Each structure stands twice: as C-alpha cells, then as structure tokens.
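Before any questions on how it binds or moves, here is one chain, the form predicted on its own, in structure tokens.
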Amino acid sequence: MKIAMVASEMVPFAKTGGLADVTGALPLALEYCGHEVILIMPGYKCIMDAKLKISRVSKDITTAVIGKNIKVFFIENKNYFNRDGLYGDKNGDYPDNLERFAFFCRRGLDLLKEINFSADILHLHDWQASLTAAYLKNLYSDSSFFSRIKCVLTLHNIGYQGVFAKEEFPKLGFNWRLFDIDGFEFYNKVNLLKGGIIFADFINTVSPTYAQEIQTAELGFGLEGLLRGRKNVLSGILNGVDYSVWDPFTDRFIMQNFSLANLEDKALNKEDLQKTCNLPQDKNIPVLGMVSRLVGQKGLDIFAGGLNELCKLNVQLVILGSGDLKYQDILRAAAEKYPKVISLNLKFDDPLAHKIYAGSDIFLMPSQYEPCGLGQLISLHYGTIPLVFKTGGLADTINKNNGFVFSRYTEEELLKLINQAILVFKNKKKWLALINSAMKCNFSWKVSADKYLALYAKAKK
C-alpha cells in the first residue's frame, strides 16, 4: 500500500507535543510491515537551521530520509514558515495561521502529483492538515490522478480545531456555498477541523474510549453532533510506545538497566532518583513520579487541591514539567514547605524523565481528559505503576491488574486512591505481582500499525 502522511510536526524535525511522536513513529512501523510511506510537513526555520542531512528537490521543496527509505518532504515558504515558532510566539497564535496551513495543504497535494506518488491513502493529522481532505474532494476531484485517493483523518486532541473569523474564509479558495452548517461554518466562524471531519473518508482518534467521549457534549468541544453523525466511519486506535527509546533494558539515561529477569535492579534506579533529587534515600518510602504539563487538563487542579494532605503521608514526590503559572506557584510553595517530600523541576529534562520512569514506584497521571496518553504506557514498561483517572486512553490501558484507577474526578477520590496504592506498596507480594503484570503489557507501534492498516483497507473498499 502507498501511504502519504500530512502533518504539521514530526520527530526528529519539529515538535511541540505528542502529535510529533506519533508521526515520527507510525511511519517506521508501517514501513516495517512492508508498505511505502512518505511524509509531508512544513519546512520550518528550526528544520532549516538544524544540521540535518537534507537535499533539495525543487525551489521550494527539500527532503530527508528516515527509517530505511521513508522520504520526508518539507514545503518551504519564507513568508509562512521562516519563523521561530511552529504555530505562534509569546503573543499567542500567529494571526495568519489559516493562510499558512491552507497553503501547506494545497501545496502538499500538488507535490504528490509532481513526484508522481499515487497514494492509496492520505493520512492527515489534526486541524493543520485537515484542509487537505476538503481540497481533495472539492478542488482536485476532477483529476484522474487524485480520484482513487482515500483520506483518513486522525484527531489527536479535539480541543484544538483551527477556528478563525468568517472574513478569513475566502482565503481558503472555496465557494461561499461551503460556508454553512454542512460545511466550514461554526458559530459564524470558520472551523478547519470541522471541514476535515466532513470531507475525510474515515476519521479516527487515539483511543477507543476517546472516540466515544468526543461524541458527548462534555468532550466534543462543539463537534459532538457532527461526530455522532459520522460514527459509522469513526474509530479509535491507541498510540504506541517507541520501545527503542523507552526500554529499561537498554535505556542509557538510567543508573542500572533492568528487565523482568533482573527486577531487583529497579531498586538501584530508585536510589539514584532519590539521590539526584536530593530526597532521603529510603527504599521503604514510595516515590510518586509525575512528568506532565502543569495545567488543569492534566489533573493539576485536584492534585494541587490535595497537595498538603498528600505531603503529610509517608511519600516522596518527584515532579517534572512546566505550565500554568498558578500551578507552578502552588507547587513551588509546597516544595519549599516540604523539602524532604517534594523535588520540583520546572523545566524540560529528558534524562530526568527517564530516571523518573525507572526510579519511581507509582506514576501519577490524574488527567481530567486524555485522548491517549503516553506517560502511563511508558511507566508500565518500566514497572512503575500508573495511578490514573478513568478517561480516554487511560481507561483503555490501565485497570486493577496493572495499576490504580479512580472514576470520580475529585481531590478526595485522588487522595483516597493514593492511600490505597500506598497500602498495596507495603505488601511486597502484591506489589511484585502488579509490576510483573505491568511490564508484560505490549503497546508497541507494531500493534498500532496493524490496526491502522486494517483501517486503511476499510477506507479503500
């Protein structure tokens, strides 16, 4: 099968979030399964500035290779992409984002014809690429080259939709007839993701539970009715974990490599984490790790609300991340008050993240909503037991056999479950059984790729 992916970011070239991890890993898994894959993304300034092996194809197209032979094509435009940020700067989103990504989507379709890549599937990611489906069905439908292509649109987080003023609509190049309730119109504004959902052949999101949740008023962000109307072509596929990066057996950032065969060596990583974070080195104190954006969506509201009570328990907290100033201030004050309990690291630190996954006993992820989640999947592989709220991908991956789950989103329920987890931690036999169950879970990209291939096959029918 010939698959062209269109995305606004991708590891190792440009990243702001989990979208880049998916678009960097899924193509490799698809190639491993024997399929031909290319990727199309903007040629951002950060890519051009990096010392990467990039070749020029034409005056506005460059390319690099990942995997064995996956070509990544960068669409250049100095007016649109020669900026420090991908989507915005300290003042917020770039005001011309509609124009930037409209240009990107149309240029991507033209590129397919220029390089004669007759794709079976166009796999689009999020609102920045979603216009591709609308252009394909409305402006390119008369071309025999494009007539057989099917579009799959993946929604990574429906909270981000690409909504712009009505006056911007003519810049898309469509007839005004598409600006109505059955098209791009959304409360008298332009909604690019809505257009993608309407014109894509199949839609999926990043976990089965999230696929159900986005059809509700609580988590549909205004598009729940449209998604319910397209539920026959809507599905959920869990993201995978890149076990070549996240594997305690080979991880170069941790003190001691380990696996189920030498599980006792995990304790050396706990000792190293406590030492690194200036916490008392005591194997009998449960270490609770958190690697997260410090925002309300990630559960910081209920976590911060119960923080004083939590610090009175016999636990240690290692927190890594940055986010809302409000939560940073709360955590900073608590860390000053409880220096032997909290290690607060308000930054991005990849080596420390690896140490937290390897050295913690419990991984906290009380997200209010979580389309898929990666932290809980990584922590399972490191034998660090996830404690999560029952939502989205967290509900699909964590259960009583491999973690702890609470189903009422309150600080009281979170604290209650942490207390339960501490009791289980003290029972070494039960704890060891949990770790064994956790580390046997398989969330590799190969598993996810097989499900995407089944979805592509369905779209082609």
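We number the residues from 1 along the sequence you see. This is a predicted model, so every value here is computed, not measured.
The discussion below concerns the form predicted together with a small molecule, not included here.
Based on heavy atom distances of at most 4.5 Å to the small molecule in the predicted bound form, which listed stretch, 106-114, 252-260, 215-223, 371-379, is the contact stretch?
Only one stretch qualifies here: 371-379.
For the three residues 292, 349 and 365, verify that every one has a non-hydrogen atom within 4.5 Å of the small molecule in the predicted bound form; reply yes or no.
Per the other structure, all of 292, 349 and 365 touch the small molecule.
Go through 102, 158, 75, 320 and name the one with a heavy atom inside 4.5 Å of the small molecule in the predicted bound form.
Filtering the options by heavy-atom distance leaves 320.
Name the single residue among 302, 335, 313, 353 that comes within 4.5 Å of the small molecule in the predicted bound form, judging by heavy atoms.
Exactly one residue meets the criterion: 353.
Taking 4.5 angstroms as the cut-off for heavy atoms, does residue 80 touch the small molecule in the predicted bound form?
Output for residue 80 is no: heavy atoms all beyond 4.5 Å of the small molecule.
Is the gap between residue 24 and the small molecule in the predicted bound form 4.5 Å or less for some heavy atom pair?
Flag for residue 24 set to no.
Should residue 169 be counted as a contact of the small molecule in the predicted bound form, where contact means heavy atoms within 4.5 Å?
Looking in the predicted bound form, residue contacts with the small molecule do not include residue 169, since no heavy atom lies within 4.5 Å.
Is the gap between residue 174 and the small molecule in the predicted bound form 4.5 Å or less for some heavy atom pair?
Residue 174: no, not in contact with the small molecule in the predicted bound form.
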